[in-house]
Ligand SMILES: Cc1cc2nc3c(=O)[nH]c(=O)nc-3n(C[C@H](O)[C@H](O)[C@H](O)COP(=O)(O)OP(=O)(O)OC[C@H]3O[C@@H](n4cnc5c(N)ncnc54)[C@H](O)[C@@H]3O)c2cc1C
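This document starts with one chain, in the form predicted alone, laid out as structure tokens.
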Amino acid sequence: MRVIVVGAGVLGTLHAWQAVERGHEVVHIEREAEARGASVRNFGLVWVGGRAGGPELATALRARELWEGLGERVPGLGFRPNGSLTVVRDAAERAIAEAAVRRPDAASRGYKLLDADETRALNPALRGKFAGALWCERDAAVEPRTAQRALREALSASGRYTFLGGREVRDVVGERAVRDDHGDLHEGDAVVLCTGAWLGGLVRELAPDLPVRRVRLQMMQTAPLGETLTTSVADADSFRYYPAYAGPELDALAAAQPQPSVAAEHRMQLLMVQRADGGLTIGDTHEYATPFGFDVVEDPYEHLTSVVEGLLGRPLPAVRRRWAGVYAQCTDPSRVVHRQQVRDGVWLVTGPGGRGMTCSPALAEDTANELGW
């Protein structure tokens, strides 16, 4: 087969990978010189711990398995099975962690409840004040700024992969063909559109009632920490955001301890991952109402800095980068992805939301199986 993949973010790149792995030829088209959207503006987290039980967790666990295999074959991904610690400060937050380890699927997530000393032993960089942490062994990380590039380099070595950057697909022509803004026609046996948060233009024409929305976030990255952050780190506000932690314990926390006003206004949680250069990627916020602002605001960064310094027990290294990003999310949050045939032989795959980096290997595998590649 000859497969046309549109979009070079993590989801599109892993669809290209699945096709090449199954012996097919791939033409991969990206409107930028290379990916510039949410796939490079994220934490690089392979985040199993917070996923909803059932199909979402199964997808994340399969993706985690696939990421590990990809990491062995493509060292440039920077894959590391570092796990995560969700740090708790008091009895109300600890009660949510205790409920998590009682879940019937806790073992598959690698959950374990740690006290403060055990938490510091696992991640000595955490020298602040806290009561303990929920450890999730199955969580992992990759390097988001370089992962797609490393995968493309490996794909190019196959001899069955062509990457065309700087070309925007403007039209689907007949069956299984697209035309780009250079006027070139690309014909194949299947077309997969993985256009991320680009939901207008051609995507709107093909799927006018798409049940997908856009979500904006703010993040930052620091200078090197000067020591190893051995795990990814979250604060207990992530309990409020991820579906695995829903239950009476979370309801009690929400009633007794509302978020600080800045965190509530910007729908915040702390997630923190150390990059290969030693810097920390820190976030994030969630904005749903469009049109989004064109600027970043400072209050969320000040809040995150305070939270991180409280956990590290030391000043945060200088912030070197701040950015905003936009990703596509299914309007039904229980759906992991929106996969739709929009023309004969043409499929649109979008809307994984904040699960894109985590779940893309498994989502691409599902597409390949469904399309009979």
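Model, not experiment: these values are computed from the prediction. Start at 1 with the first residue shown and count on from there.
Below, we refer to the form predicted in complex with the named molecule, which is not included among the displayed structures.
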7, 30 and 44 all contacting the named molecule in the predicted bound form, non-hydrogen atom within 4.5 Å | yes
Find the only residue in 151, 219, 263, 280 having a heavy atom within 4.5 Å of the named molecule in the predicted bound form.
-> 219
Check each of 112, 103, 167, 160 and return the one that places a heavy atom within 4.5 angstroms of the named molecule in the predicted bound form.
-> 167
Choose one stretch from 226 to 234, 294 to 302, 194 to 202, 72 to 80: the one whose residues place a heavy atom within 4.5 angstroms of the named molecule in the predicted bound form.
-> 194 to 202
Using heavy atoms and a 4.5 Å limit, would one call residue 361 a contact residue for the named molecule in the predicted bound form?
-> no
Can any non-hydrogen atom of residue 308 be found within 4.5 angstroms of the named molecule in the predicted bound form?
-> no
Residue contact check: residue 11 to the named molecule in the predicted bound form, 4.5 Å heavy atom | yes
Is there a heavy atom of residue 325 lying 4.5 Å or less from a heavy atom of the named molecule in the predicted bound form?
-> yes
Stretch 353 to 372: residues contacting the named molecule in the predicted bound form, 4.5 Å heavy atom cut-off | 353, 354, 355, 356, 357, 358
